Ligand SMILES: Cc1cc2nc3c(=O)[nH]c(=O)nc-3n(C[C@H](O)[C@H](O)[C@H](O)COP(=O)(O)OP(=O)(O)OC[C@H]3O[C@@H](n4cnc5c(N)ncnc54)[C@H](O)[C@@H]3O)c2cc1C
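For reference, the chain that follows is the form predicted on its own, supplied as structure tokens.
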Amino acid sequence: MAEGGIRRGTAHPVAARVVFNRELPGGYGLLRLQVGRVARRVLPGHFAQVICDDHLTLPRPFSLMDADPVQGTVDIFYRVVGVGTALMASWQGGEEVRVLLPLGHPFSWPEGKVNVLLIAGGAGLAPVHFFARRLVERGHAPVLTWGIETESPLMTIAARMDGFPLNVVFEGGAPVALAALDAVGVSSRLASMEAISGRFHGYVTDLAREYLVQSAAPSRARTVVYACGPVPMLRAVHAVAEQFGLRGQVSFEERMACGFGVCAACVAPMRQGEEGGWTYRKICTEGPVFAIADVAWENV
């Protein structure tokens, strides 16, 4: 995790301009902001603190879904869940807003010839979607699984099954995939607890486990897992990683106050020593990405 991140005391609000703010089905939205040269420093796993309104006490943290260093833009995939995100959803193109970015430590690039399995839950798709495309640029062929219960325009009927076992059953026959990832050759499949056409019926971690079970043993042994989503999903990711003896990283979704380590309001329990000890580490500055094996999951 040597790349990226921002040191305490160096974070300042960036004046940003709304390029577009698209309302998506299921209460989701896609916001593109013009942030200038700072976009060059954004990596998959970084997050931003968005000042939704001057009358709100706290900014809102969001993982970044994309960064274009040439155009100087960043994308935020979000879901409207409260006052702050409702205000953000009302922003129009051309409006001036303020954000703090890039914050935290991003995902670490996998080393050597490995297979990459990405697991996302809900809006946790943002950093792994970003990561998937950058991994392709580096010569990897990641597989992404996404758990979502709502409709989404990010999907398309899967054109290929490369990298995914053919005998995984999807509701209604033809599986759906994420359009932008399918276009660049990333195999992606969706899961839902509801019986929705084109999706695996079950938890996204069940779909990931099925993928691993049906993978050839040598391929499975070389798999590295990266995930972002709600804590219950991350616990299940840990169980999958333990079952197959896999290493990897998880990105925590957490409500943060300052975003750069001053308030210590966002913490996660991490293992310390070899005798079962543990300590808290700040998610905003020491994370949000941590090694799966470092998290004291019994205390999360």
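The first residue of the shown sequence is 1; numbering continues from there. Rigid core here is just the name for the largest C-alpha set that superposes within 1.5 Å across the two forms. Given the structure is predicted, the values throughout are model-derived calculations rather than measurements.
Omitted here: the form predicted in complex with the ligand. The next part is about that form.
**Q** If you check in the predicted complex, is Thr85 within 4.5 Å of the ligand, heavy atoms only?
**A** Yes, Thr85 sits close enough to the ligand in the predicted complex that at least one of its heavy atoms falls within 4.5 Å.
**Q** Taking the ligand as it sits in the predicted complex, is Tyr78 in contact with it (heavy atom to heavy atom, 4.5 Å or less)?
**A** Contact check for Tyr78: yes, within 4.5 Å of the ligand in the predicted complex.
**Q** Classify Met270 as contacting or not contacting the ligand in the predicted complex by the rule of any non-hydrogen atom within 4.5 angstroms, answering yes or no.
**A** So Met270 does not count as contacting the ligand.
**Q** Would you please decide whether Phe252 lies within 4.5 angstroms of the ligand in the predicted complex, comparing each non-hydrogen atom pair?
**A** Phe252 belongs to the contact set for the ligand.
**Q** Looking at heavy atoms inside 4.5 Å, which stretch does the ligand contact in the predicted complex, given the options 59-67, 270-278, 231-239, 32-40?
**A** Every other range fails; the passing one is 59-67.
**Q** Candidate spot Phe47, Met256 and Pro288, all three in 4.5 Å heavy atom range of the ligand in the predicted complex?
**A** All three within 4.5 Å in the predicted complex.
**Q** Select from 179-194 the residues with a non-hydrogen atom within 4.5 Å of the ligand in the predicted complex and write them out in sequence order.
**A** Stretch hits: zero.
**Q** Superposing on the rigid core, do we see a C-alpha displacement of 2 Å or more at Leu166 between the shown form and the other one?
**A** Comparing forms between the shown form and the other one, the Leu166 CA shifts at least 2 Å.
**Q** If the two forms are fitted on the core, does Gly36 show a Cα displacement reaching 2 angstroms between the shown form and the other one?
**A** After core superposition, the displacement of the Gly36 C-alpha between the shown form and the other one stays below 2 Å, so no.
**Q** Spell out whether the Cα of Gly27 moves at least 2 Å between the shown form and the other one when the two forms are superposed on their rigid core.
**A** Superposed on the core, Gly27 moves its C-alpha 2 Å or more between the shown form and the other one.
**Q** Comparing against this form, do Glu137 and Leu166 have their CA atoms pulled together or pushed apart in the predicted complex? The difference is 3 Å or more.
**A** Pair moves closer in the predicted complex.
**Q** If the C-alpha spacing of Thr145 and Gly26 moves by 3 Å or more in the predicted complex, is that a move closer or farther apart?
**A** Relative to the shown form, the pair is farther apart.
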